[in-house]
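Shown below, as structure tokens, is a lone chain in the form predicted on its own; questions about how it binds or moves come after it.
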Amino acid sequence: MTWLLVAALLTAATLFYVFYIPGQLFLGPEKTRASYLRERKDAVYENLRDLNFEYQAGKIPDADYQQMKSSLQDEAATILAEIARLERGPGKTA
């Protein structure tokens, strides 16, 4: 009988722990489009470094390397252009 009580208390404690929502949640700073793009740029540059390392190690064929490198460079150029556009502000042209 006591094991049944212990199991019920353990179940109740587990359910409380899993489903309890505190009164105030910290969601972190709100991300802007520019901060998202900077993070994405860093990820693309890291992917380019990794791709170059894998190619130098002989793990990627030349044709695949050129295709992936071109794709990542195009993405990086697009991201950099959008960052530059956002930093200029609305209505301004280069």
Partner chain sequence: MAELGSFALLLALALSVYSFLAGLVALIYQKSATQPASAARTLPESAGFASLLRRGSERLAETSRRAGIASFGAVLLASIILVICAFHDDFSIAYIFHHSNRDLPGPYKFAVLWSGQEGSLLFWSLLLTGYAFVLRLRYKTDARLFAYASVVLAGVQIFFLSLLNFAAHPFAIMQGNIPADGNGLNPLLQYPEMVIHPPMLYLGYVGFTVPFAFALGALIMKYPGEKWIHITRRWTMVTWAFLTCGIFLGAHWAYSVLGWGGYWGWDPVENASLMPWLTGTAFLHSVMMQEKRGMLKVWNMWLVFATFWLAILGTFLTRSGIISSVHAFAQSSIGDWFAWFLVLTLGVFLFFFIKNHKSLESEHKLESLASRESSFLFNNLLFVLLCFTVLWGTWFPKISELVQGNKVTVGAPFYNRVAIPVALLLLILTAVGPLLAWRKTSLESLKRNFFWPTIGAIAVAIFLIATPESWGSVFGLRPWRDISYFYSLMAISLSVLVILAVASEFYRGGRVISRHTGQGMFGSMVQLTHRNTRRYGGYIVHFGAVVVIIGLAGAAFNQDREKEMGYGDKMSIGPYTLLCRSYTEDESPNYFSQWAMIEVFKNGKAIGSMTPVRRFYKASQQTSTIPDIRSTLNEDLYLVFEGVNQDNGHPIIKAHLNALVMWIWMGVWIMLIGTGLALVPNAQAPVRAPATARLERAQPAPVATGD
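Computed from a prediction, not measured in an experiment: that's the story for all the values here. Numbering follows the first chain given and starts at 1. Definition used throughout: the rigid core is the maximal C-alpha set that superposes within 1.5 Å between two forms.
Omitted from view is the form predicted in complex with its partner chain, to which the following refers.
Interface membership of Arg38, defined by any non-hydrogen atom within 4.5 Å of its partner chain in the predicted bound form, is ruled out. Applying a 4.5 Å heavy atom cutoff to its partner chain in the predicted bound form picks out Arg49, Asp50, Asn52, Phe53, Glu54, Gln56, Ala57, Gly58, Lys59, Ile60, Pro61, Asp64, Gln67, Met68, Ser70, Ser71, Leu72, Gln73, Asp74, Glu75, Ala76, Ala77, Thr78, Ile79 from 49-79, in order along the sequence.
With the core held fixed, the Cα of Ala57 is displaced between this form and the one not shown by less than 2 Å. Once the cores line up, the CA of Ala77 ends up less than 2 angstroms apart between this form and the one not shown.
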